[in-house]
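This document starts with one chain, in the form predicted alone, laid out as structure tokens.
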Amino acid sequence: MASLLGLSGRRFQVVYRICGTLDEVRNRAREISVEQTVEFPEALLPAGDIRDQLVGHIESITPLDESRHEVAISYAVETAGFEFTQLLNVIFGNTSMQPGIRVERIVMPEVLLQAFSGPRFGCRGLRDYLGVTQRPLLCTALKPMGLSATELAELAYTLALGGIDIIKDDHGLADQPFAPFHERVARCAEAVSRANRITGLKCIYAPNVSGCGEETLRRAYSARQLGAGALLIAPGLVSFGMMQQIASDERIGLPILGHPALLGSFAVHPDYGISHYTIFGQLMRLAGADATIFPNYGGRFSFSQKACKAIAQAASEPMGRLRSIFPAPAGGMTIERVPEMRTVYGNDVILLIGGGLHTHSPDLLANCREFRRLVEHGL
């Protein structure tokens, strides 16, 4: 019999980690099933599709230890409205304000994945764009904040001359008076292009376009017109929906580097929030990032090697028709760690070294060339 609400019967799953005894977890799982959908007293729900289909279904409860359980809850695909914002709302909306609940992963059927175009380039497309067939990609950031647009352009020129594939704005660069957005983008894009004409390489500059509301979109259009080769977007600041909109806009058509600013608060506690795998891997990819930047283990942040490898896994494992993307470990990275990073992440990785590229020796150009030599030829 056809659903009166037009429901297809297809469902997607969210796997949660819930703290508590088995009985407590059963009760909490039931509460989540209602809270994330109808948010209405269950006893008063009308019989039929609302009660039977729209309310989440508890598919499994698996003990991890005495006080933690993994719970799979499925939701009708129609509850997500086939849009990113509502999908997030169903996954974790109100429940995100409850203690002891963490989203571990999302399992989406093809009928729901088809609503999202995902990355425009992905790993293979970005390699073709840069003319790099196999090795890891090299990336760095323009630092420190406070340099003028002219000084940042001179820095970008040196970095491109040294063969750094992707030269991005530091995420703290916005539209400040010491380096206004339009001047900075124009000067840095021209500087990288000038270096490419000397080297014959295809290095690109990625300005940070994250801004307030529609200003993000305006900056993305301007960056394209001013000669930028990619964009840096922080979806934790501007929303995953905005990043998705820019990724799918044919008038922009540039690779996107997803930055983790503000998202760490979701992931750092093992019993709260959203897992590294999901927020830096699955959601970044679903929203159209071609590379996901995240703090590498062993640097100045607290991410473990296990968490970082989970992000890399989510960036590359099958996800319907969505292209795989590059993991881009960063934060406290050094040239000396390049061999280790190649062992851990393989070739499909963007190695992002920021300040460490400057501290390796006083000669920044030589440091860039050493970075590239290690990636291309090893020790």
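All values derive from a computational prediction rather than experimental measurement. Heads up: residue numbers just count along the shown sequence, starting at 1.
The protein also exists as the form predicted together with a further copy of the same chain; that form is not presented, and the subsequent description refers to it.
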Among the candidate residues V132, I106, L201, L88, which is the single one with a non-hydrogen atom no more than 4.5 Å from a further copy of the same chain in the model of the complex? L88
The single option of V38, M319, I32, V344 touching a further copy of the same chain in the model of the complex, heavy atom within 4.5 Å: V38
Is R300 near a further copy of the same chain? Define near as a heavy atom within 4.5 Å, in the model of the complex. yes
Any chance A72 has a heavy atom within 4.5 Å of a further copy of the same chain in the model of the complex? no
Is there a non-hydrogen atom of R124 within 4.5 angstroms of a non-hydrogen atom of a further copy of the same chain in the model of the complex? no
Can any non-hydrogen atom of I61 be found within 4.5 angstroms of a further copy of the same chain in the model of the complex? no
In contact with a further copy of the same chain in the model of the complex (heavy atoms, 4.5 Å), from 159 to 167, 304 to 312, 213 to 221, 124 to 132, is stretch 213 to 221
Judged by heavy atoms and a 4.5 Å cut-off, are S248, T278 and D348 together in contact with a further copy of the same chain in the model of the complex? no
Even though the chain is shown alone, can you say which residues of 143 to 169 have a heavy atom within 4.5 Å of a further copy of the same chain in the model of the complex? K143, P144, M145, G146, L147, E151
